[in-house]
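Quick heads-up: it's one chain on its own, the form predicted alone, in structure tokens.
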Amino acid sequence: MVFEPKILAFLCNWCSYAGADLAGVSRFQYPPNVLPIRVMCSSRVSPEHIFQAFDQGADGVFVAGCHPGDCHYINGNYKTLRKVKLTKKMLEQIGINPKRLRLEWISSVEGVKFAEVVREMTEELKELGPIER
């Protein structure tokens, strides 16, 4: 049986979710391994959300927000960057490869980039295999 990773994606409402929507509307091909969750700002994603995703069976977590300088809430994406860096360190300490958490800046017109990131992350997670639970 081939391992198919489950990816939980937290997407900011203003940019990344619209980019994912554009990927779908434009029929860009990407694996169906991702479950998108719309959040008002990527900065609303806490380390607790990420740990809960892994605890509930996700093999990878993808956080996407507006490009730096373009955040609808001024500096939310800078907060996201700090939180993700901290969370990666915490993941490593508990034995989860930090490559399983990915942060990307995706605008509303970057449907192609969204599809590429999902493809790349799916392949990386297939190489890593399932998390030992």
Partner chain sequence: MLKRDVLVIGGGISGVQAALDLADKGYKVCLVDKQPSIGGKMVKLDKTFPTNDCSICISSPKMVEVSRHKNIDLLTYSEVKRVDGDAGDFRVRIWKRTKYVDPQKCTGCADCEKACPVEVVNQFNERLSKRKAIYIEFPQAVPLTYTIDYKNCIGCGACDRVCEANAISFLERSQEINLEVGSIIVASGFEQLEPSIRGEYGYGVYENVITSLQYERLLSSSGPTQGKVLRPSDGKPPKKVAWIQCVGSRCQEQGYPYCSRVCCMYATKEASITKEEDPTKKIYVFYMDIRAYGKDFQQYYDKAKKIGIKYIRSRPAKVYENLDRSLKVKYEDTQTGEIKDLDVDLLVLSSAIIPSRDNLKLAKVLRIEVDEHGFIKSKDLLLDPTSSTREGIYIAGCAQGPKDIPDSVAQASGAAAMALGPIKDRKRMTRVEKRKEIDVSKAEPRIGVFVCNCGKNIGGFLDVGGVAESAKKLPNVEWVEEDMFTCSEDTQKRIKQAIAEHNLNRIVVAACSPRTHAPLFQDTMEEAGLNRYLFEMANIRNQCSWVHSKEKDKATGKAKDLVRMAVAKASLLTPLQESEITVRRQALIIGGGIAGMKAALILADIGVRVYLVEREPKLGGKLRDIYKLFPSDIEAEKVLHKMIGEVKEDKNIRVYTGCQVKEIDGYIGNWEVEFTNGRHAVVSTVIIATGSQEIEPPASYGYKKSGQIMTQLELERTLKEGKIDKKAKNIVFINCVGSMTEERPWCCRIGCGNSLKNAKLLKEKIPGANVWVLYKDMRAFGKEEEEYYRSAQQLGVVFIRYDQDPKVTVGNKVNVEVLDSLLGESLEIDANLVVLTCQLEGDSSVGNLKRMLKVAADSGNFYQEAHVKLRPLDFATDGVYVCGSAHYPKNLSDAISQAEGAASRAAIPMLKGFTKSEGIVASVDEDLCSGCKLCIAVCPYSAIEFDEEKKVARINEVLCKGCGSCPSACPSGALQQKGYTDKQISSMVEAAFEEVS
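It should be emphasised that the depicted structure is a prediction, and the values quoted were computed from it without experimental measurement. Positions refer to the first chain, counted from 1.
The next section is about a form of this same protein that is not shown, the form predicted in complex with its partner chain.
At least one heavy atom of Arg27 is located within 4.5 Å of its partner chain in the model of the complex. Mapping the unseen interface onto this chain, Val45 counts among the residues with a heavy atom inside 4.5 Å of its partner chain in the model of the complex. In the model of the complex, no heavy atom of Pro98 sits within 4.5 Å of its partner chain. In the model of the complex, Leu11 approaches its partner chain with a heavy atom inside 4.5 Å. In the model of the complex, its partner chain lies within 4.5 angstroms of at least one heavy atom of each of the following residues of 37 to 75: Ile37, Arg38, Val39, Met40, Cys41, Ser43, Arg44, Val45, Ser46, His49, Gln52, Ala53, Gln56, Gly57, Ala58, Gly69, Asp70, His72, Tyr73, Ile74, Asn75, in sequence order.
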